[in-house]
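Shown next as structure tokens: one chain only, the form predicted alone.
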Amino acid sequence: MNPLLNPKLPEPAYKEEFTAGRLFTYRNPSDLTLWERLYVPEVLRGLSITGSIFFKNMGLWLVWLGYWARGRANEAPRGAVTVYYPEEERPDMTKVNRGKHILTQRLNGEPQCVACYMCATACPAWCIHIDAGEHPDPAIEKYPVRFDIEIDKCIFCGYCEEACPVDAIRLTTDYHTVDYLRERMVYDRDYLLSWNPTKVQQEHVYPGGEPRRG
């Protein structure tokens, strides 16, 4: 079997916990209204939404064209512009964009992560997978033997970054996450530590400030 055509990806973590009805509500087909069962009206409603955006954008360009004809193009707003990525990139990308993840490093190069599973628990897309190991330093207690992020499932919500008690995971502004091979969409621990190496000046050895006793 060709591994490129049938890559082995890790199973979503904690799926049963999050699909127990506490965070997501699934609608039974029998609960749909007659209008929704007819299907076509809902399709037309979706087309009306996208169509309204299209015509609004074209209207902006027509206004801009009028200003351009009078030599005042810089005074009018322009409509949306198609960017031919990756040959071209948008120059107005926001500076607070959530993009590719990194794992921060301690000053000695080890991962800052203490394998507390807070990020994996907070992740609504179940795309973070961690295996913990005992750290030789009792003050640190644990470290991630495995830390994988399925970037193709990530919704870039930033919950992992907010949940982390030791500043071990961060979302950068780099949005280059596309790839031609699906198995490369799984970012492992070594990649997360090395693609944009970042050391933290203040080391956190344990979320509570002290290692667990007893």
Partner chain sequence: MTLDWAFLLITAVNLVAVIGLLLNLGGVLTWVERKQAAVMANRIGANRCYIPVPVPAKAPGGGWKVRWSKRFTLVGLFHAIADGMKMLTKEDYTPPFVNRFIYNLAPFIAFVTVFATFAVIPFGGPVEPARLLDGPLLSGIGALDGARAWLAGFFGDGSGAARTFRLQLADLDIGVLYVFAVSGTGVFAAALAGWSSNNKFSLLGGLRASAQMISYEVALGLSVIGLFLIHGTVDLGRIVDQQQSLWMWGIVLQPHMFFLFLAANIAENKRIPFDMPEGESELVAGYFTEYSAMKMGMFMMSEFVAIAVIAGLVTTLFFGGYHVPFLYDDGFHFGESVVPLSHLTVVVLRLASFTLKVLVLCWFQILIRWTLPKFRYDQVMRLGWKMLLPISLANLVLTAGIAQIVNAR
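Keep in mind that what you see is a predicted model, and the values were worked out from it rather than measured. Between two forms, the rigid core is the largest collection of C-alphas that superpose within 1.5 Å. Numbering follows the first chain given and starts at 1.
The form predicted together with the partner chain is left out here; the points below concern that form.
- Checked against the partner chain in the predicted bound form, the candidates 43, 178, 34, 181 yield a single residue with a heavy atom inside 4.5 Å, and that residue is 43.
- Although the partner is absent here, residue 67 is not a contact residue: none of its heavy atoms lies within 4.5 angstroms of the partner chain in the predicted bound form.
- When the partner chain is considered in the predicted bound form, residue 156 lies well away from it, no heavy atom lying within 4.5 Å.
- Taking the partner from the other structure, the partner chain in the predicted bound form has no heavy atom within 4.5 Å of any heavy atom of residue 62.
- The closest heavy atom approach of residue 50 to the partner chain in the predicted bound form falls within 4.5 Å.
- Stretch-level contact analysis of 147-155, 52-60, 185-193, 169-177 against the partner chain in the predicted bound form, using heavy atoms and a 4.5 Å limit, identifies 52-60.
- Taking a 4.5 Å heavy atom cutoff to the partner chain in the predicted bound form, the contacting residues in 72-104 are 78, 79, 80, 81, 82, 84, 85, 86, 87.
- In the core-superposed comparison between this form and the one not shown, the C-alpha atom of residue 61 has shifted by at least 2 angstroms.
- When the rigid core is held fixed, the Cα atom of residue 93 travels less than 2 angstroms between this form and the one not shown.
- Once both forms are fitted on their core, a CA shift of 2 Å or more is seen for residue 80 between this form and the one not shown.
- Inter-residue distance, residue 65 to residue 86 (Cα): reduced by at least 3 Å in the predicted bound form versus the depicted form.
- Put simply, residue 86 and residue 78 come closer in the predicted bound form: their C-alpha atoms are 3 Å or more nearer than in the form shown.
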